[in-house]
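So here's one chain in two forms, each on its own in structure tokens, numbered structure 1 and structure 2.
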Structure 1
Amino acid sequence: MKSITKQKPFDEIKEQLDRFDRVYITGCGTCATMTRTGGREEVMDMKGRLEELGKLVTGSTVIPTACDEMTEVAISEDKGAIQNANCILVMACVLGVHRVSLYIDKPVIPALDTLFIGVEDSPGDFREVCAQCGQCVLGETAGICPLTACHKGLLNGPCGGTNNGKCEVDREKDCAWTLIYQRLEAQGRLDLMRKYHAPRNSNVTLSPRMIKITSQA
């Protein structure tokens, strides 16, 4: 599972950095490297573009995994360059941005937009598999999430527009509910197609969300 990101428009990044003349850049060696939005090449490219704007890039690093404890270690190793900067430009998902902000008392600016949680089907081809809705139905839909696999997010079977197993919104895409039907049929659980799923309860995903896991004796 990977956090899928895209780089913000450079004009937006430029606007966010308008008041800062010294920038430190950090990328991520995991998800953002795989999506080519915040790996070493992208960090170096961003460095060059900022220098063309007259910014002083005091330093840069690509943290192995920007959303875990390695962030604090990487930051402490380049403390001087970070202290010399006005802000930190983070080329990582929102989790990486948040993690960096925990350890640095300077403005932290995101260079990427986080799109979804996904898997890589083939090199460079990522597919959304989870919207983190807090109401998982995969056990009844043969492991296929209708919320993310269906363009309309339908929880109760296909719409009237499905045609020959294809989606009416995207004719090149398989209908999610056709795939669910076929998989349930193969598993001998086709009766689940008749089960009604109530409308999603928005109270389940109130923000901000928190959870504390306690050990059991």
Structure 2
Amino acid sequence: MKSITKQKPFDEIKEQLDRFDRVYITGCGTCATMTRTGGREEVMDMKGRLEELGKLVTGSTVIPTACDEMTEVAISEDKGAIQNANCILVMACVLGVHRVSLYIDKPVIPALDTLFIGVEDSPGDFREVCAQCGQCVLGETAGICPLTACHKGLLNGPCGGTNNGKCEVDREKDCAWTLIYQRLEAQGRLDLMRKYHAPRNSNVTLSPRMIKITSQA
């Protein structure tokens, strides 16, 4: 699983930092490093840009995996610099922002927008593969998620907007149902495409979603 992020427009970051003159920056050594949005290089680049704005960057770190509990340890190692700052700019996905805000009682500002959970098809090409709906249908759709890969999230086959295997919203995007059809046909499982899927349960896990896992079912 990878959290795919994109850096916020610099003007927005600037505006959010407007009232703070001393900033501590944290990046993330995992997903945000892979997406080149919050690795060492990007953190250094941000440091330079903030200094150009006249901010004092009191310190910076790239937490190995900003979403896990080791973040607390990583942060404690740079206590002085953090103490000296009046806000923390987090160049990680929302999970990292969330973690950091648990451990530091100072304003936490996200520098990135978290876009989706996805995979990297080729260097720099990221694609969403799961919408975390809680009712996985991949077993019946040849491993391609219609909820995620179809713009409309259709469960019962393609809409009329498909054109030569492409989607009506963007000619660069494949029609999920054309792909599903081709793969099911190749597997000799086209009968699955004829199966009726009832309306989805949008509340499989009641929002705000949380769960206590007590034993393996």
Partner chain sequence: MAPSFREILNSGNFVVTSEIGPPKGTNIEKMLHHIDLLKDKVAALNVTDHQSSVMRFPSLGGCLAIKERGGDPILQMTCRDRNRLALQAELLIAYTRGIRNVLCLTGDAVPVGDHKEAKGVFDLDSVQLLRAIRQMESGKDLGGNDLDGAVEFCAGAIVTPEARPIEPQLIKFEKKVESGAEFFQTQAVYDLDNFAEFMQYARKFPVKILAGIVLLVSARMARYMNENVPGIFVPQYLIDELASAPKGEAVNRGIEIAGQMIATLKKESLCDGVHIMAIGREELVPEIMEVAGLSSSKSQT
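All residue numbers here refer to structure 1's sequence, counted from 1. It should be emphasised that the depicted structure is a prediction, and the values quoted were computed from it without experimental measurement. Under this definition, the rigid core comprises the largest set of C-alpha atoms superposing within 1.5 Å between the forms.
Structure 1 derives from the form predicted alone, whereas structure 2 comes from the other one. When the rigid core is held fixed, the Cα atom of Q135 travels 2 angstroms or more between structure 1 and structure 2.
After superposing the rigid core, the C-alpha of L56 moves by less than 2 Å between structure 1 and structure 2. The two forms, fitted on the rigid core, differ between structure 1 and structure 2 by less than 2 Å at the CA of E41. Here the two forms are laid over each other by their core, and the C-alpha of K173 is off by 3.3 Å between structure 1 and structure 2.
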